[in-house]
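The form predicted on its own is given below as one chain in structure tokens.
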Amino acid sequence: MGKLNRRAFLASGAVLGGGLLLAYFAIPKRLSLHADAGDDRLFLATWLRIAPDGAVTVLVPHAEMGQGVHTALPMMLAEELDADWPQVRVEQAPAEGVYAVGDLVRGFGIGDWRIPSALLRQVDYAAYRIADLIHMQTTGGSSSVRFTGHLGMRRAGAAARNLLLQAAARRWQVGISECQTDSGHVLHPPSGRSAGYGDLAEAAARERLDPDPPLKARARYRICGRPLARVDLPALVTGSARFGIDIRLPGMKFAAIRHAPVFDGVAVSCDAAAVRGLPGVQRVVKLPSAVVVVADGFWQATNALRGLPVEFDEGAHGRFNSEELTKEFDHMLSGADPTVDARIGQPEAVLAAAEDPIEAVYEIPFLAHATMEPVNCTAWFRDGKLDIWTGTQDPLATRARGAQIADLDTDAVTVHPVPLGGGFGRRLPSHLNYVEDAVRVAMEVPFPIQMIWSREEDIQHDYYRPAGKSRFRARIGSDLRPLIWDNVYTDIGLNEDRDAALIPYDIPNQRIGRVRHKTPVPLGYWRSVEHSMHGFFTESFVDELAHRAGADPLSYRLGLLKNRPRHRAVLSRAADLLGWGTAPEVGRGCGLALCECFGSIVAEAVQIRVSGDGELRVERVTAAVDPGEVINPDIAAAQIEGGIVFGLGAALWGRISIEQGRVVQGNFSDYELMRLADCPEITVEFIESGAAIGGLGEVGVPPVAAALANAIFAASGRRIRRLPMLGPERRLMG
């Protein structure tokens, strides 16, 4: 790898008096350690540091945004290392190129394929170099445990354990096979000798590294699989955790921003003199599409911004209307020739022969991310260098974007990652307008500024989950099974996952495709991405086919999944947990749905109560999930529970409406989220099939809207094909 620059060395944290510092990726031949300026400090390239006192520090390259990744990833490394968990420390890896996550490149590129040991170093190095070049330190797509954890952290822990074993065997002049590890020590049972990892660490750094060490059998796990408490929990409980909005710097001022109300609008002019004399106001800055007031306090800045006369040019999109877009969707679905994602059998011929095909069209709206911590960024430009403090799902990409905006070399920019008060895709590299605005303002003032977007700015200038429609046509054969599945859906710009619309069901003739359309609405990745749409679309239509066939929805699905044992297992278990098959009381109904995404398979069942006038109560949700393997059961269950709550809120109330180019909604009063009083009882159970490890952060969302809609139909006979389900009076629409 070569020697790192001084800043990367300092960022990694030095170890005094020796120790093992493992640069696991991109190691050409041997573990490479260097001293800085001739002293005895060794630096870490990535992930693992073992100090002379035996403390094990794991540097996690991913952002902690409530998903527990700062606990799960260290558990995976510590398990393979045979570390003593109480001696494990966790740090956020800095935004430096050496922490680019090449395992994401490898994971998304070639998956879990076994790579021959002879090629492993080259593959690791190539993946790292690609990640470094594209500034990839991303947290998203349920990839942290699947890829960085399984492909990287486990290997790093196992490799370090081997080095320690080699060092002990050499010291004691015994065979390495005679030694074993246990809770941070190497043991030699024949002689009764033992040595702590800290005592062996420096010598271990001189041993030969195995790039493809054998991993533990799950039967030998002592850390993974246990519900260990999250390492960040004490700071969250005591309030000592510092999020982006908590940053305070000497002489810092606060900035409030107002964007052009129409997408791609520009700020033409503003009368700064009108607010310059107000208490605390320091500066008015005009950006290309916004105006900013900088003041001593955020309230002062916000108050001045309200009174600031501004002229905006609406640009070309002042007449855009989301209701008109839905009409365009209808035209697209009826007339355009789709780009085909999948074709099985002879779907066109079978469909043409159908005299009375079953047909349904489903619709979803734009959705905002609405994180509990509004987006914010603190920036300080001084002496030709830029510092950024912010919650981001990709610190490296944030550094690159900050350098681009400020016209600086990336080495002149330092990003200080902090925990995120919610992400859901809002703080991904392509969604960094809040960082861009803060950097532009920081370049104009001689002091650090913290820009906080108001809730209204956050909701009205987000990057939105796309709206869309999906049309289905089918024909049922004499055995009541579908002969044809024809699905065409709209794609307005972010539908990159061509697998999201595919189905696991055994239907002999299938055509699944998309029709493309452009929109001026800024689009973004939203929790579970395309699966949030297609989970509702496909599982609602499967339910319609079951009812048209006069069949029980569970039995109908199971009959179409005879060659899918993992799918059958989760579906049956979710139904059993809910008590499926028990006749519900009048006004109550049950529905279920199934989804495979991000390497995991999940089924959810919902029980609801609905009154005659459409008042709805979601009473229970059960989920059965097969992620292959569960690292921490408590964290895993919390992720599924959170996904269910997130998905329910969106299904019941979530909608971004656009009129005259402007987002109508502006706060939680008209963009409602799930409240505690609305939350159902949730039961989550995992089926560990031993398949390749899958994700959990995204997978709780996709099935729940369809399961809920199906339950409503079972209870009331109302088929919900358009989201959201509830109107302003909190009663069923449609």
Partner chain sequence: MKFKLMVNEQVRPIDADEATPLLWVIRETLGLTGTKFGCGIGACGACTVHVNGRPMRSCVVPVRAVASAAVTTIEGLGASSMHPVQQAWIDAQVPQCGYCQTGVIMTVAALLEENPEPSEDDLARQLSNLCRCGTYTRMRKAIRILRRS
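Residue numbers count along the first chain shown, from 1. Given the structure is predicted, the values throughout are model-derived calculations rather than measurements.
Just so you know, the form predicted together with the partner chain exists too; it's not on screen, but the next bit is about it.
- Looking at the partner chain in the predicted bound form, residues T238, F424 and S669 each place a heavy atom within 4.5 Å of it.
- The partner chain is not shown here, but in the predicted bound form it comes within 4.5 Å of a heavy atom of M372.
- Under a 4.5 angstroms non-hydrogen atom cutoff, the partner chain in the predicted bound form has F243 among its neighbouring residues.
- Contact check for G297: a heavy atom falls within 4.5 Å of the partner chain in the predicted bound form.
- Within this chain, D313 is remote from the site of the partner chain in the predicted bound form, having no heavy atom within 4.5 Å.
- The listed set R230, R258, R154, R514 contains one residue whose heavy atoms approach the partner chain in the predicted bound form to within 4.5 Å, identified as R230.
- Checking L386, A467, A158, L420 against the partner chain in the predicted bound form, a heavy atom within 4.5 Å turns up for just one residue: L420.
- Note that among 347-355, 603-611, 632-640, 568-576, the stretch whose heavy atoms approach the partner chain to within 4.5 Å in the predicted bound form is 632-640.
- Shown here without the partner chain, the chain has M65, G66 in 65-93 lying with a heavy atom within 4.5 Å of that partner in the predicted bound form.
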